[in-house]
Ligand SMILES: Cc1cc2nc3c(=O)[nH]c(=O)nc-3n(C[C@H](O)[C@H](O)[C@H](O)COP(=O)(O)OP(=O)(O)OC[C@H]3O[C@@H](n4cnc5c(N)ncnc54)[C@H](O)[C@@H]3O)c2cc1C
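Heads up, the chain below is alone and in the form predicted on its own; it's given as structure tokens.
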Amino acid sequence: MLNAMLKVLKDKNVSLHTGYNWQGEEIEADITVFALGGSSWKITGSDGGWTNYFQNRGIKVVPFQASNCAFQINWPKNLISRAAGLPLKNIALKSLNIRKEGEVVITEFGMEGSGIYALSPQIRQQLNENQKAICYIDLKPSLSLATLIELLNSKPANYTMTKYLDSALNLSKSQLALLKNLTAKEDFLNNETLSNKIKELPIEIIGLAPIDEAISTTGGISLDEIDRNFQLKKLPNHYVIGEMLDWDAPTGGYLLQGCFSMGYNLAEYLNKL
């Protein structure tokens, strides 16, 4: 894809100057478009080092934070020994009032995966306000609470609850480990309470992964600083697009598409000037 884009630029005789590090000097041009990236890929030069240039010109820049990243959880040691590296499939997660279905992986650090990346804004909001965030996991989204209670009440006397959850609900090893380690023994033996835990198991998140390990970042130039065509209100004929702006994409794929779409729409606008 990159090679295809470079070929288009070459065919149109666009001058490319690579191997340079922009230090914030003014650029002599009729129109300047900035697409300097966020702060999560320092190895590629996307380190957010451009912020001072804009702040010195009175443009509001929101501090960068990790997004689409792993979330830190203080797991019980026994859970880590049993489930670290294992996926949680066919689940749903909820944070604040947002619910998403997907898949995550339990790690020693905490939890990561597409199922929880989409809740980054809600989790980050809670962390910023309370230094912790609560996320609820529905281990069996295909079944209602009433159906679960009915199923657990039907457990044969010669089955242990763990064996029955495995056979009747088809809970995976990681799901069972999570449920058993995060549920009190007396609650595990109460069918109604256990059913509620299966449908809404609370997980306490205590932090974000470092920005360098995140897929993307939120933060950057405030959207209040640009007009509908991405032009900086305080710097006419200067445009800003991509991850430089303070917006949040639910996955890396949406991030790329969003950046491409901004570039396309800005090009359409500038070609009409």
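We number the residues from 1 along the sequence you see. This is a predicted model, so every value here is computed, not measured.
What comes next is about the form predicted in complex with the named molecule, which is not displayed.
Heavy atoms within 4.5 Å of the named molecule in the predicted complex map, among the stretches 221-229, 202-210, 53-61, 33-41, onto 33-41 alone. In the predicted complex, every residue of the candidate spot (45, 252 and 255) has a heavy atom lying within 4.5 Å of the named molecule. Interface residue remark: residue 264 is not counted as part of the site for the named molecule in the predicted complex, having no heavy atom within 4.5 Å. For residue 215, a non-hydrogen atom is located within 4.5 Å of the named molecule in the predicted complex, even though that partner is not displayed. Contact check for residue 15: every heavy atom lies farther than 4.5 Å from the named molecule in the predicted complex. Taking a 4.5 Å heavy atom cutoff to the named molecule in the predicted complex, the contacting residues in 7-33 are 20, 21, 22.
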